[in-house]
Ligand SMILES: NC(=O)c1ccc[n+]([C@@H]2O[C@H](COP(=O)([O-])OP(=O)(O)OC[C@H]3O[C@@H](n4cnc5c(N)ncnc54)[C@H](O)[C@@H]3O)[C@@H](O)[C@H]2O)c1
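The chain that follows stands alone, in the form predicted alone, written as structure tokens.
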């Protein structure tokens, strides 16, 4: 049977990614939509042949669903997810999964108690160039990883959000985190997965340089961050994120190893390039990386649908979401103190 999805929050990420991907998958259906903006949800529901709700709690009670996708503001992710899990539904939650460690743990506990899947939409590790890069690193032919640098920069959510500069992304009580939470959490998860090691230490600068809201005032959230990190195995690296890259979008990673250098997303044709220490070069032409400009399939809905149908743990479960959130929250604390902080590794 087809997995019947309800989607909470009908903003840009739902419209450009989750709705079309759920509709395109032959094993899933967009069954219901919930958004407080009545005209928006009504129009989209008609487009997908779904039920429309302005109150997500009513949708949870009344609609016939198997799972929900939580796409609301960051500060609401935890409660929306917990409500859906308590209603007996599987949950795919957008990143960051929560704005506090305690809330993230509550989500994980609720999923276990309900015996339902909880997956976090950390799509970067599903992108074909990153999958190929992980295969290359795992093969051992580049030797030991020494260091890395990874970057994710674009012009900010006001350029693609359905509400523009009035978006909840720029409201402290709704978003809690700026570019660090929006983009940094992606990179923290990607590098954990790519290197197959946990981060144990982080420091850096997190600040607001230029991004302004609809009134022309600097936003009360960070628009740029440069983080320095160390893994459990001693790998050093940096994460740079920005909402003020007004020239386009950058999403690339370079991994420096004893046997050469692995470059991901640095070339428009070859998604992965390997430059060996002996002068040899490999060019890998793999699938594209999803971006705000070009929303190619992310694979998130497909992966989650398969988990539900096959009754197996999601590839990116709540514990994975917690780990990268913990990196970002610790980075925020370290930046506020002007220090370097150890990253806790709790059992989950």
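Remember, predicted model here, so these are calculated numbers, not experimental data. Numbering follows the first chain given and starts at 1.
The next section is about a form of this same protein that is not shown, the form predicted together with the named molecule.
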Quiz item: Tell me, which of 202, 104, 80, 221 has a heavy atom within 4.5 angstroms of the named molecule in the model of the complex?
Solution: 80
Quiz item: Exactly one of 161, 263, 151, 99 has a non-hydrogen atom within 4.5 Å of the named molecule in the model of the complex; which residue is it?
Solution: 161
Self-check item: Listed range touching the named molecule, judged in the model of the complex by heavy atoms within 4.5 Å, from 141-149, 190-198, 208-216, 116-124
Solution: 116-124
Practice problem: Although the named molecule is absent from this view, report whether residue 31 comes within 4.5 Å of it in the model of the complex, heavy atoms only. | Solution: no
Quiz prompt | the named molecule contact in the model of the complex: residue 283, any heavy atom under 4.5 Å | solution = no
Quiz item: Heavy atom to heavy atom, is residue 12 within 4.5 Å of the named molecule in the model of the complex?
Solution: yes
Exercise. Please run the contact check for residue 76 against the named molecule in the model of the complex: heavy atoms, 4.5 angstroms, yes or no?
Key: yes
Self-check item: Site test, 130, 240 and 256 vs the named molecule in the model of the complex, non-hydrogen atom cutoff 4.5 Å
Solution: no
Quiz item: Can you tell me which residues in 83-106 come within 4.5 angstroms of the named molecule in the model of the complex, by heavy atoms?
Solution: 94, 95, 96
